[in-house]
Structures are given as structure tokens and as C-alpha cells.
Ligand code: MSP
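Next up: just one chain, as C-alpha cells, the form predicted alone.
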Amino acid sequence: MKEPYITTAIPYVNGKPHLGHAMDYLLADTLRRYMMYCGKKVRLQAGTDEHGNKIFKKAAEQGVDIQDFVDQNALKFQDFIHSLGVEYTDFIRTTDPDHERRCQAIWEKLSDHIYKDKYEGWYCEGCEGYVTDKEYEDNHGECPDHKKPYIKLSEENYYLRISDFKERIREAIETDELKITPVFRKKEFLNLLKDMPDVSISRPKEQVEWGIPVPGDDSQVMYVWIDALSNYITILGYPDKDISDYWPAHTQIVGKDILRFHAGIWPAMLLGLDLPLSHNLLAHGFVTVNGEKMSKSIGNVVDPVEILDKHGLTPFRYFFLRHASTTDDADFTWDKYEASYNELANDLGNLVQRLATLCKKNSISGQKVEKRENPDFDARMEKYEFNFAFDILWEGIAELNKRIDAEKPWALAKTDPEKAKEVLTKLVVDLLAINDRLAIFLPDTAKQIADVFTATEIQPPATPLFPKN
């Protein structure tokens, strides 16, 4: 039986984790938890991209052995993923010997679509990618993401003949065989695909020292995309093992800036290997700060660890899963974050404290969790509209608060104790039903709530779930 497989884009380890990485991991974790809620066993991949000049140069700048450097930074990313409450099943490093060996086997399998040629054109060191003359002109000679001028390169490289697969890729995307979400990103990419050139998949070893050797040519090392993109299948054991229990992937989650590689180069590789294309590509936006893209030069970079340290994990997940769009750019400010925390405390924290206190006073026993259908919620989740699905749950929480105010069980207890118990019991059952799905987004807090309201004797938390400063 095929099991759903979800992937995240593996980050470079030349720097520390940022909010874009956090979005990758949170969205993947949310989808995984939803699928598990629906009774599926899910495989979730994460990892680190550890080859290339940027990493080599950074290690040299710090006077650190290159292998020690990538070892230390890979661990930082693993720690970061765990700090987000994200649970993966597999973690791959591109310096793993099995990955390197499998990449070389993949190269050989693609050999009919690979040729050697001289390249002269524009290159972005930050993206580790080439750009067309048109992109160079449109961007006025400067990478819009890294704010650095493109450099002119002239060198002999190996190329993957994208032209062999363009028509098949276009057809797959247009028919949603390979579905791209959101739709406007699909349209953007189809326009880009028309002029997509064959892609360089190697660099001269004299230019890039740290990489996987090209089979049969020690003067060249594999370029980042063949190396990094292959991780999605090498982690499953390809080509040593049959991977059909997991591949094609159910969903591959990427930032919008690398969609072109996952919708163009990656499908070409898969077609060249006679492997099926992924089912879904989910492209999320950037996280801006005060409406501007984060930049070291501007000085507006916000460290996700700093945000986590402010109020803890649940407020972090709440803000970035409910108040950040799943597919569009999201804006972070500390004022918005504080408002989000107060909302969490007032709507959910106070509800839990208030209801548990009333239950204790009226000797209400813990209740069983009722699993309920919620077609609107499921429809939003299936369309990757996670933030809107979260809104649906929050509407239910708001409704419970209104019912407590309207039904006044504290007053009812004085005139009709049995009716008060009936009202409180119904509130507990309804809260637990909402909380059952809330665990998809806020697993730690959902467990705390379940522990309170399923216990033999309901007791309010010793301290509020979200204390006010």
C-alpha cells in the first residue's frame, strides 16, 4: 500500500535557520498531522544541502575544517526543526556517502540527456544559478533576492537537456498531473518554461572544490541542483531500492523563489529517470518585516529563535499558521505578534481556564473526545488553505466563549444545578471536538487541553496557558 510522502526544501548550511525555513517546516508538519488525523501513515523528509562554494568559502572564512563546519550546521538545523515541534521521519545530508554514491548513479542514468558545452553568461553567486540575458536586463544586472550584481562567467560545463522534456512538463502542469499551488504561481511558471534553457549541472573543480565528482570526469563536480534535488529520492534508497511505496511524492513544499527549479529541472530529471512526477508542488511566499523583505543590509532580519524565546512554541505556530498566508507573502511585526499572542490568551487561554474552573465548582467529570466531520475544514486543508482552515476552528472557539456568556452556567447553578451540569458538559464535549483538530496546528497546547478535560476530575491549569506579561 502506498504511503503519502511529503518533502521540504533542504537549506544551505552556510548560515543559520531563518523564517523562510520555519514556514517550510511548519507547513509540512501541518500537512503531515492532518493526514495522520485522517488515518494515514506519512513519511516526512527534511535535510541539509552541504556542497558548493558558498559553504566552502564560509568555512574558510571561519578557519574551520569544511566537514566540521557542515556537521555543526546540520545539527543546528536539526535542533531548529525540533524546536518548532516538527516531527520528520527522515533526515538527509548531501554529504552522506550513500547520497553521494546514489547521485553519481543518477547522473549515469541521465547520461543520454547530458552533454558538455562552453558557457558564457550571467551567474548569481547567492542563488548559485545562471540567469538569461533577459532576466539580467529585467533585473538591471542585479539579483533581486540577494541585492548583488550578477557576474560574468565563461567555463565548460555539463548540461541537462531540458529541451528534451519541456513539452511533457508543460502538459503535466497544465493538466494538474503535477499540480502547482497557488494557481497564479502555476501561470507564472508556465510563462517562464517557454524560454527555459538547458541547465548547467556541473562546475569546473578548479572553481568549486567542495562537491560530488562527476562520474568519469574528475575535472568537474556536480552542480547544486543535480546534487540537492536528487535528495528527495536518494533518501528513499533510489536507485538501489524500489521506491514505489512512497514515490511519487504526495506534496513537495518549497519557497516561491525556488519553484522554477522544482517545477522545471526536477521534473526533467524525473522524466529522464523514467520516474513519475510528484503529485503536488506547494509554493509558499516570503516572510517580510514591516512590509519589507528581510535584509542584512537594511538591518531588519528577525531571528526565528528570538521569536520563539519571546512567548514559546504555541504562539509562534499560532501566528505563522493562522495569521500568515499559506501561499502568499506574510508580514511580521512585533506589534502584530503581540496582538496575536493576546488573541490566543483571550480567546483560548481564558476559555480553558474559565470552563475548567466552572467544571470543578460543579463537579463535572472529564469527557471522551468525539471525532466530528467538518467538511468545510477538510475542503480548506485539501486545497492547502491551512490558515483558512485554522480560522474555522477559531470560529468554533469564539462560539464557545459566546455560549458561556449567553448561558451563564455560574448563575444557572444557583437555580437549576442539573441544567448547569448539562450545559457545562456540552461545552466540554464541544471544546474537545474542536481541540481534536486543533492538535494539527498546536499539538502541545491541544494535549494540555485534552489532559484537562478528559481527566476523571477536571481541574483548571495551575497557571494560565498563556500568561499576560
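Residue indices: 1-based, along the sequence shown. As the structure is a computational prediction, the values presented were derived from the model and not from experiment.
If you look for the form predicted together with the named molecule, you will not find it shown, but the lines that follow are about it.
Although the partner is absent here, residue 23 lies within 4.5 Å of the named molecule in the model of the complex, judged by heavy atoms. The named molecule is not drawn, but in the model of the complex it has no heavy atom within 4.5 Å of residue 102. Within 4.5 Å of some heavy atom of the named molecule in the model of the complex lies at least one heavy atom of residue 286. Of the heavy atoms in residue 49, some are within 4.5 Å of the named molecule in the model of the complex. Partner contact region in the model of the complex: 222-230, out of 222-230, 67-75, 169-177, 272-280, criterion any non-hydrogen atom within 4.5 Å of the named molecule.
In summary, among the residues 114, 294, 143, 307, the only one with a non-hydrogen atom within 4.5 Å of the named molecule in the model of the complex is 294. With the partner omitted here, the residue from 321, 254, 344, 249 that has a non-hydrogen atom within 4.5 angstroms of the named molecule in the model of the complex is 254.
Taking the named molecule as it sits in the model of the complex, the stretch 262-278 comes within 4.5 angstroms of it through a non-hydrogen atom at just one residue, 262.
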